[in-house]
Ligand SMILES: Cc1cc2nc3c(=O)[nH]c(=O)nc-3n(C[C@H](O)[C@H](O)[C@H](O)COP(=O)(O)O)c2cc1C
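Taking the form predicted on its own, here's one chain by itself in structure tokens.
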Amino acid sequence: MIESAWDYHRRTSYDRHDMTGHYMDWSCQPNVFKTYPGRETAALTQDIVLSQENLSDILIDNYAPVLDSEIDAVRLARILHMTHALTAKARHGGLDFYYRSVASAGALYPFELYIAALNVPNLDVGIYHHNVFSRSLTILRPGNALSEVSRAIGIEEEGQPATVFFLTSIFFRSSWKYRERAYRYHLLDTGHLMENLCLSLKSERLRFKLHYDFEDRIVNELLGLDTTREVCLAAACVWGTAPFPTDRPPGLGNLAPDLGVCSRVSTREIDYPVIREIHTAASALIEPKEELPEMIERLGIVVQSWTEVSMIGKSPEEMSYPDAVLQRRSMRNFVRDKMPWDYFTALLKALCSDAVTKDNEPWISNSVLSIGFLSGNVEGLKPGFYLLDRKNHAAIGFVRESFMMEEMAHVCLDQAWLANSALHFLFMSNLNMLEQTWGPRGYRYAMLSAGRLGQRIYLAATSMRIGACGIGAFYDDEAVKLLGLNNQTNLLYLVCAGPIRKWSLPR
């Protein structure tokens, strides 16, 4: 029985000399589009006008919400489009494959997006599922869900939220390929989606708040999920200033008994109890009793010197924020060209900017996650291992000088192309410290945060027409040894970035 994040992470670690054989059973390939047959839908406007602002503009601290901004049906359609959209189509094995705006391990897209519409003009109150394929909303439960949402999330803000977004993950979509290790990708991929949502809300100048913490059981029941197959991992409340109509339904409609069946994505699913065990363990909410630790101090790494990096200057973006979201891809055609210094600092600036509004509580990622990077070919920066201090004006800490790109590519299941990228961003966490502070739920905090920042690297790189690719598969102990981490700390995620051979996208 898995009872801690440490147990789960160790059990699902890859070992070069102890890898069991695994083949893809295409007869039970999961469906990557969730549907609710027979249920009424609400069409989203297809006439969407996108802004031409840059990602760097959205990320700056003074890009604050406008207090009288309201979320209406048109704005909701734009938010959903910029959060999760199909972006291109290709043919593989005689079947259509759809690229998406959100990064996902193995292009398996385990995440789903739900909306509790509480006060959205021109949209009836109720619980909806976002159908990314048809660009529509499926009505799951009509009626006023404010009481259930408030009880589940513990809303303490003045006023009532106009909309609440819920982000879920379907287990079998990722476990079909990654088996027990899949829960890592459920969290990372949901983090990718969460970052797109945050950026979209901030672009709309809306006041919102993320929720890592909520009562899992209440939220899952609210959405009608089969929790052996699908669970909620994150939520976001959006506020407005418009008065609530007085003629709203008094409460939420009954839950249809067949909703849970729709969490099934294959006629023959394989159950991996370990995934359910770690998620159950991580469902308990624990209030930290001590001052939150700074994860950068708990890695076992000695920094030789710190240097503050100047962030002054215009970001070298070549495409707008909407274009970057809709043209994002996982690129692997890296070339060993030198990354210009302003491209490097633009990536650091993106990582050190929080895509949340000032109304949110301080982002906890500094306490659950530490960021480092390997420099391979960056103008003005010697090759080596560095740490990034997000809280101290993007200071970089020099750990040791060495060209480590080929060694890390060897650690990452011998994916040789990784050695050609200019940078490897590293997301690390002391799992023992996480467990002591938050219990197993701390693992969710760390992995979701890593996914958010990984998606931000993707978008920042795309906006400059360079490549990025996330790597969640590596020989875990070899990564610890290569980086010199202590025995309580692990690499959770790696995202590489750098110049690529050619900027071309499938159509």
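Numbers for residues come from their place in the sequence shown, where the first is 1. The structure displayed is predicted, hence computed values, not measured ones.
There is also a form predicted in complex with the ligand; it is not shown, and the following applies to it.
- Only one of 181 to 189, 382 to 390, 147 to 155, 217 to 225 lies within 4.5 Å of the ligand in the model of the complex by heavy atoms, and it is 181 to 189.
- Every member of the trio Tyr109, Arg332 and Tyr493 reaches the ligand in the model of the complex with some non-hydrogen atom inside 4.5 Å.
- Contact check for Trp341: no non-hydrogen atom falls within 4.5 Å of the ligand in the model of the complex.
- With a 4.5 Å cutoff on heavy atoms, Val32 does not count as touching the ligand in the model of the complex; it lies far away.
- Although the partner is absent here, Ile58 lies well away from the ligand in the model of the complex, with no heavy atom inside 4.5 Å.
- Taking the partner from the other structure, the ligand in the model of the complex has no heavy atom within 4.5 Å of any heavy atom of Tyr443.
- Here is the short version: of Arg328, His81, His129, His279, the single residue with a heavy atom within 4.5 Å of the ligand in the model of the complex is Arg328.
- Just one of Leu482, Leu44, Ile48, Ala473 comes within 4.5 Å of the ligand in the model of the complex, counting any heavy atom, and that one is Ala473.
- In the model of the complex, the residues of 88 to 123 lying within 4.5 Å of the ligand by at least one heavy atom are, in order, Tyr99, Arg100, Ala103, Ser104, Ala105, Gly106, Ala107, Tyr109.
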